[in-house]
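Just one chain is shown here, as structure tokens, and it is the form predicted alone.
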Amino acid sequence: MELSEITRIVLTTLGGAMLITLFGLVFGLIYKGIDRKIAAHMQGRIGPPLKQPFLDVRKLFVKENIVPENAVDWVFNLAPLIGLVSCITILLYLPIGGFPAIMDGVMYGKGDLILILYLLIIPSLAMVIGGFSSGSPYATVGAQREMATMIAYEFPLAIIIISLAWRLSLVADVTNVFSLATISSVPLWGLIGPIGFIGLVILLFTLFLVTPAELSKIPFDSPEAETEIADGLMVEYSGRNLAMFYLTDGVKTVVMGTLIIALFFPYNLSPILGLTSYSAMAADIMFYLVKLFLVILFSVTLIRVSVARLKIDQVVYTYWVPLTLLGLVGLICLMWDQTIMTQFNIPPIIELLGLG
């Protein structure tokens, strides 16, 4: 590869990374404002203005950054930065608005979904380390709860990923089954029959219930329970450190929504409307933002408004028993569907409905 080509790739990657970073920060705060506004209306309140998250971040960045006397200073200050950077890094591996992932050309689409699963652990791990390093007993309890929650929801999440990858492995000419580029180019809805459709819906429902725990939202926010342990992990954080954790939450919301879209709804609007060039790009981006809003609405807002906070033992039980079994049922449905379609020569459900 020539030096000029390497330079072009580096500059393109850096420019794309900067745009994706700006996108994640801005739209993470926008969707946090929308989430708070809708939740308030559902509870009969007016709620804060949509720009409130931006005002909160600006206020936190100008306030004094207080470090507890008994804290491990460098760990306490480094944890929020690690959490934010790891969330932004995940965005670089996700296809957004009809565009391929920024790092897709660098990784060549090999195993990026496994990498994303590992990277998703880092923000939560940063919160745990920050909580332990603060020296607060409330933060210590919150950190212990966060570790238990992480261990609990990773199991059903892994089952979902393995189920989708296994079904893709049965498709001819598909090799990189853990590549998001592959998953986006071969939507599973066009491959499955009636039983497989039920299985995919079950897996999607399970992922919707995993998302609140990934984001520490009600009913799975026991690590930060304000009324029990005074905000737990975040009790000692203030100023710019708290602002970075606030931004991390916003970016991670976009990450989880985009991941769900990439796995289950990787469709673009421009092919349907027959658009090309810039009009196609605009249509696909707007369609992506609408999908992202709907995913956040159903996986975060409606759940946290409808269900009260669970105790930590209830959180662990929910993920280890009902949701793990639900994920396995979805996997079994996909396996049965493949067997039945092969034996009885049943076409995919899209063709049965006349949509193919």
Partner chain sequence: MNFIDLIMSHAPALLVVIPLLGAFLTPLISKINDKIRNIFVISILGITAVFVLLVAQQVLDTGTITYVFGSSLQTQNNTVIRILFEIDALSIFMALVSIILAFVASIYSWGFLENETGQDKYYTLLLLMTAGMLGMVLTGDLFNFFVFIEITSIASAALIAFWTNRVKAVEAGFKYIFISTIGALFILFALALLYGQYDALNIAQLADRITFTYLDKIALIIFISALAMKGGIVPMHMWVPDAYGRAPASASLVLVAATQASLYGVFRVLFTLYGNVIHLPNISFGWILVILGLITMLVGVIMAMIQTDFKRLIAYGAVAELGYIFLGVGTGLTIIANPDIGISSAPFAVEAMKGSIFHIINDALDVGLLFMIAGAVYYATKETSLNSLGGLARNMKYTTIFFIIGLLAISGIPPMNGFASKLLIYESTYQLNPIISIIAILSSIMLLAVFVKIFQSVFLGPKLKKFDDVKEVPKSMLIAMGIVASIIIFFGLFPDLIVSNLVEPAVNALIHPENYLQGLTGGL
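Only a predicted model underlies this, so the values are computations on that prediction, with no experimental measurement involved. Numbering follows the first chain given and starts at 1.
In what follows, reference is made to the form predicted together with the partner chain, a form of this protein that is not presented.
Within 4.5 Å of any heavy atom of the partner chain in the predicted bound form lies no heavy atom of Q43. The partner chain is not drawn, but in the predicted bound form it has a heavy atom within 4.5 Å of I151. Using a 4.5 Å cutoff between non-hydrogen atoms, W74 counts as a contact of the partner chain in the predicted bound form. In the predicted bound form, W320 approaches the partner chain with a heavy atom inside 4.5 Å. Contact with the partner chain, judged by heavy atoms within 4.5 Å in the predicted bound form, is confined among 261-269, 156-164, 187-195, 210-218 to 156-164. Interface residue among L125, A280, V171, V201, judged by heavy atoms within 4.5 Å of the partner chain in the predicted bound form: L125. Contact with the partner chain in the predicted bound form, defined as a heavy atom within 4.5 Å, is made by all three of Y118, F178 and M335.
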